[in-house]
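Two forms of the same protein chain are encoded below as structure tokens; each is given separately, as structure 1 and structure 2.
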Structure 1
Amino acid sequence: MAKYEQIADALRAGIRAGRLLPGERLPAEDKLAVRYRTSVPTLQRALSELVAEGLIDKRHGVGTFVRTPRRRIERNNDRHQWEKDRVRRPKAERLRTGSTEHDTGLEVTDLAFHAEYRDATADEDLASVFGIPVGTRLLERIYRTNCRAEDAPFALVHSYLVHDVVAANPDLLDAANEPWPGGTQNQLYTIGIELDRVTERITARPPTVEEADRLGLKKGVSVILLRKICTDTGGRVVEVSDVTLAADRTELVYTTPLKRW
């Protein structure tokens, strides 16, 4: 086995066994290099393995630390029914909370919100999900949700609607109306659409550089990709959202009820 792997193993074992505690600082690289009788670049290679695994963080000019696990925010699938129930409530009530607060238990005032609307056209992928021709005009909405206490958003959302469908209510075409009290389901309600079901497709991978940047991800953190597909009571796909989530801050929860015997 390579020397850098042996060193990585030794340090990893120390972390797992609790000999190195979360938040604890490791000795400086040159000290570790001496201890393990190797050169600094080789020792750095060992550390970079642990960084990629998400076990340690390096802070330039400061030191290397055992990573502290982050608190995860739950995103529960009962949010969809909750959102639907809320759609026909009085506006004052809808104003009070959004579904992010429902999920996170945070207050409205803890959250910052940003929305941007764009004209787009359906590529092959979106066209097949919506069941529309490639090139169909879409409304693309880009959201970010921030926790005010934190620097980085915990979700990046690209939501797509068929432009000609939502144009029935011009208010829906204007980003200035965001955040819309009651969310997307309420927006759809204003044009007579009722949702029948929400399908979510989930996968994960390492972040791209852009994602790492925008979500403020350290090395060794994955992203969860969630595609949410909303189907109305007529069986038509009315909204598709691509959500990028920081995996170290998110836990998705799905409850599947079963019919009784």
Structure 2
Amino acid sequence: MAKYEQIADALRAGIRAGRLLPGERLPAEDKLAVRYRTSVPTLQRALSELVAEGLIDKRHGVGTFVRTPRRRIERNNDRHQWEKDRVRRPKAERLRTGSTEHDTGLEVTDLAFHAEYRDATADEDLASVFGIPVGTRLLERIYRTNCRAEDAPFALVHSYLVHDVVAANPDLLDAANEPWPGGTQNQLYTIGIELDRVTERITARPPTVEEADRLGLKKGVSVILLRKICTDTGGRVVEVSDVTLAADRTELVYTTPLKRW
């Protein structure tokens, strides 16, 4: 193991064990270099590793600080059945919690929610997924939800519905009705649609400048790209969502029950 990796491991262990507390300022780089018997460039390389992992912040002209952990997300494959089970529950029950609360363990009052609706048209990609002609009118919903104690949202979400399908209920065209109790599955239920399955395709890549800024990502942190495709009981794709998640605060957990011999 290289020297900078050994140093990064030691500092990482100190942070995770609580010996270095959130908000605590680390010693100056030259003093840390002496402590670990290394050069300042090697020490700086170790610190860069921890910055990329979101464990520390380097503030120009001020110092290096242990970062206060942001709320993590655990997104598992039970969430869609959990949401479907709530679709026909009383409104008061649906109002108490949603999928973000499910993923984060937070309460509704802990969250700040923003929704924007706009007209869109199906490009070749979306037309292919929906099985509709290119240029078909869509409703694009843009969602941003963050913990009130933090500035950056948990994810960047763009959800697409076929406009003529959801127009059967005019309430589904108005962003003022968000956050909708029971989420998308309940919205679809109001127009007689029941989901049969949800397919999620996952990739990863470096963020764009805009994504890094909006998600509050440090240099070196990737984004997870999740495309969610919802299919109804008749085999028709009824919703497509593109979700961009911060890799330093998101854990994807998929448990697959196996049939016994």
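Heads up, when I say rigid core I mean the largest set of C-alphas that superpose within 1.5 Å between the two forms. Note that the structure is a prediction, hence the values are computed from the model and not measured. Along the sequence of structure 1, residues get numbers from 1 upward.
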property	result
Structure, 1 versus 2, that is the form predicted together with a further copy of the same chain	1
Rigid part of Phe130 equals that of Ala167 between structure 1 and structure 2	yes
Rigid-body rotation angle between structure 1 and structure 2, smaller part relative to larger (whole degrees)	34
Rigid-core-fitted C-alpha displacement of Ile7 between structure 1 and structure 2 (angstrom)	12.5
Once the two forms are fitted on their core, CA shift of Gly63 between structure 1 and structure 2 in Å	3.5
